[in-house]
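Below sits a lone chain in structure tokens, taken as the form predicted alone.
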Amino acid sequence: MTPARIVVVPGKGVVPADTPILTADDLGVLRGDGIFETMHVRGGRPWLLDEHLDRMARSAARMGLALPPRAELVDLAEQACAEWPPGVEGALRLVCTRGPESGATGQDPRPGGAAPVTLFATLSPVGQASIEARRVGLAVVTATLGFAAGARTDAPWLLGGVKSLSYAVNMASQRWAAEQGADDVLWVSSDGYALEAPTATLVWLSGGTLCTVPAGTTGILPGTTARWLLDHADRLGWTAAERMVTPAELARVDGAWLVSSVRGVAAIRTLDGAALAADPERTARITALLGY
């Protein structure tokens, strides 16, 4: 039987899923002040664990967050996966908040005086909607992100490239898309460039080149799954590149996908109601390469 959710807490191990973990004044709840990583669990193991932990460390450094040692994070992941049926797809989430508001200003016995963080892991089954999207693709609508493509590179407080807990805008974007009868959103900069989806990376095929948006100059979240895909594009007979693209240009490419750790790869079937090039065989090849 597949468990509905596994919860792991440092020092306590696996605890009942309804165990209280956060205090009422935890800054992750009050302000979204924290970071997380979600990864795909297959064969009872988290895929691309090292890459996700690398990105988590970068996020923590950008936010000045005292992330616990890497070994502790690996241990949490291993404890969760040890309780998980190997034949069931899972979504493993590691969460680290800045901790209780009271602790942030109080005395902390640890060296350096850093406030204690809140750390935990959860592991849940991959939702049916994510699995179905791999098969049928997505109807996507564009929505403005409200600033230019390069704005975040000179504004570190916008947290470009950081996977923070501040996901209210992301979720509001997806609710808005659902109200339009769509499945997901493609954010567009104020100067007209396609950037990323609220929970996925944009990837497209142009000629024989598999492309994605450059994270370094745009502040989008660098996707771990998309990065692995582009690094192994030669296995599909393609080269790889990072490029800027407009929604109008996506209408002329050979295929476009939203790629994420849990959903895997989902073809963009329509963009703002217009059909995009969709080759099920290409999508199947990408899906097989990624192992979903």
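The shown structure was predicted, so the numbers you read here are calculated from the model rather than taken from an experiment. For every residue, the number given is its place in the sequence shown, counted from 1.
We do not show the form predicted in complex with ligand PLP, though everything after this point is about it.
May I ask you to check whether Asp183 falls inside a 4.5 Å heavy atom distance of ligand PLP in the predicted complex? Asp183 lies outside the contact set for ligand PLP.
Considering only heavy atoms, tell me if Arg98 and ligand PLP come within 4.5 Å of each other in the predicted complex. Arg98 lies outside the contact set for ligand PLP.
Proximity of Thr199 to ligand PLP in the predicted complex, heavy atoms at 4.5 Å: Output for Thr199 is yes: heavy atoms within 4.5 Å of ligand PLP.
In the predicted complex, Arg45 touching ligand PLP (heavy atom, 4.5 Å): Although ligand PLP is absent here, Arg45 would stay clear of it in the predicted complex, with no heavy atoms inside 4.5 Å.
Taking His52, Thr224 and Val259 as a possible spot, do all three reach ligand PLP in the predicted complex with a heavy atom inside 4.5 Å? Every residue of the spot touches ligand PLP in the predicted complex.
Of Thr144, Asn170, Thr217, Ser102, which residue is found within 4.5 angstroms of ligand PLP in the predicted complex when only non-hydrogen atoms are counted? In short, Asn170.
In the predicted complex, which of 136 to 144, 78 to 86, 159 to 167, 209 to 217 comes within 4.5 Å of ligand PLP (heavy atoms)? Result for this chain: 159 to 167.
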